[in-house]
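Given as structure tokens, the chain that follows is alone and in the form predicted on its own.
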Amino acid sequence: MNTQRKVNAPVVIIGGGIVGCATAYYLAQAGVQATLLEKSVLGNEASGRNGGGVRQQCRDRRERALAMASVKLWVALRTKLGFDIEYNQGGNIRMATTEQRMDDLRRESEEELQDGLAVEMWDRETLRRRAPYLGEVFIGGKYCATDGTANPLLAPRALGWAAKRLGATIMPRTEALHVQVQAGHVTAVIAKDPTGELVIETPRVIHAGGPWTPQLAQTLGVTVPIVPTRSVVAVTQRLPHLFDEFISSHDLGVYARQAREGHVHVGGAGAEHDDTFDQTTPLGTIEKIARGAAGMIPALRHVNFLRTWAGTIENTPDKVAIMDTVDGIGGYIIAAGFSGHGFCLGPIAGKLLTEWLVEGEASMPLEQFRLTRFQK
């Protein structure tokens, strides 16, 4: 028979993606044993269903400093988590098929260099010499040596497991139903697990629910402008080693990385822009991915795709994350809307949120990620 239980927690984190798991990890390192609620299992949604790129280049300028700081954390996490997350700093190439795209990349490189990110512009000859596996369609590209890749299925889970070892409470298959507020301050989270209803009394909530954040926030009268978007990834048969970099082409609409075992993960082409939580993989989308992959890497023209999956991206109107408190609700912080960029940013988001809670102020400015920017 279902019963209601009551427990206490200094912080409740809603959402077991990479942002939630990283926050639980850094809080635990700081001596704060948070309780993390995940309605499914850790890393089962966007954090575990992406291309695995850990990149700093080709970002909105507001995110760039965060991405650069996060990559430093990724390098450290490779050894600190006690689990192989297959992180490899193999570089990142963004290719161009037209002079207009090359001009865009040049302008972007000037901005990145001003911000301290080391990037290189490659002409056709350099691209052929440095990345001979790429198709002849490309006339050049931009390269960042400190970018890389990691296994998206493993990274968020490894952070969650490490947080648990440090004292955090990780509760999979536990859905947050309501955030209780009294006198303008968070007092509890009402949740449901397979055994019944759970009341977690807490003064602080980190809401990192990804594309599901708006539904729960709305029960508090808070509007969070996030639209769910489907994105599909296809995985090839195992192949000999072809490349180490994370590669992408806006012109062909595809990106790819080669996993350690040899499978090439390709995604991006035909990404849906509708308001949908549908995670089916339409045949037409897979065909677009296959055509884009063949144009990008000729060696993929006749390979078999073994499996596909779809993830749900959480897009804000300007494709930049929200990390902010809410006026009138003390102790409630939203950390969502990372718009397909959260895999790289997860560690730094977790660290900054921890500083915000423990020290009262984050070590990097977060003003540009305020929810109120959408009210103007």
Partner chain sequence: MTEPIEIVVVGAGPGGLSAALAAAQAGARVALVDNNRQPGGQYFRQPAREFRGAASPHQRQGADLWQRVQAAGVHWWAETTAWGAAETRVLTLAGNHAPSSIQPPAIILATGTYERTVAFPGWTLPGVMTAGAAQTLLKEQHLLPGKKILLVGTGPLQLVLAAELVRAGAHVVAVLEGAPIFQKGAAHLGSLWGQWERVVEGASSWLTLASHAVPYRTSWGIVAANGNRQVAGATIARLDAAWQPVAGSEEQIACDTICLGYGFIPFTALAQLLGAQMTWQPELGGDVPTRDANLQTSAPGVYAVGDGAGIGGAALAQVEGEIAGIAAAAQLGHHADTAAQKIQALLPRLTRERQFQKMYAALFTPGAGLDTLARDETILCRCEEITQADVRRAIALGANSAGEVKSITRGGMGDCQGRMCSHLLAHAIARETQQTLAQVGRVRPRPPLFPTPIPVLGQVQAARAEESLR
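Numbering follows the first chain given and starts at 1. If you're wondering where the values come from, they're calculated on a predicted model, not measured in any experiment.
Keep in mind that the form predicted together with its partner chain is missing from the display, and what follows is about it.
Trainee: Between the options W161, W212, W74, F243, which residue brings a heavy atom to within 4.5 Å of its partner chain in the predicted complex?
Mentor: Comparing distances to its partner chain in the predicted complex, the residue within 4.5 Å is W161.
Trainee: Go through A150, A168, C144, L300 and name the one with a heavy atom inside 4.5 Å of its partner chain in the predicted complex.
Mentor: None of the other options qualify; the answer is L300.
Trainee: Although the partner isn't part of this model, could you tell me whether Q89 comes within 4.5 Å of its partner chain in the predicted complex, counting any heavy atom of the residue?
Mentor: No, no contact at 4.5 Å.
Trainee: Contact between R124 and its partner chain in the predicted complex at 4.5 Å, heavy atoms?
Mentor: The answer is no: R124 has no heavy atom within 4.5 Å of its partner chain.
Trainee: Is G284 near its partner chain? Define near as a heavy atom within 4.5 Å, in the predicted complex.
Mentor: Contact check for G284: yes, within 4.5 Å of its partner chain in the predicted complex.
Trainee: Do L306 and its partner chain share at least one heavy atom pair within 4.5 Å in the predicted complex?
Mentor: Residue-level check for L306: yes, a contact with its partner chain.
Trainee: Only one of 219 to 227, 257 to 265, 103 to 111, 188 to 196 gets a heavy atom within 4.5 Å of its partner chain in the predicted complex; which is it?
Mentor: Stretch 257 to 265 is the one.
Trainee: For the stretch 220 to 240, which residues lie within 4.5 Å of its partner chain in the predicted complex by non-hydrogen atom distance?
Mentor: Read in sequence order, the residues that approach its partner chain (within 4.5 Å, in the predicted complex) are R230, T236, Q237, R238.
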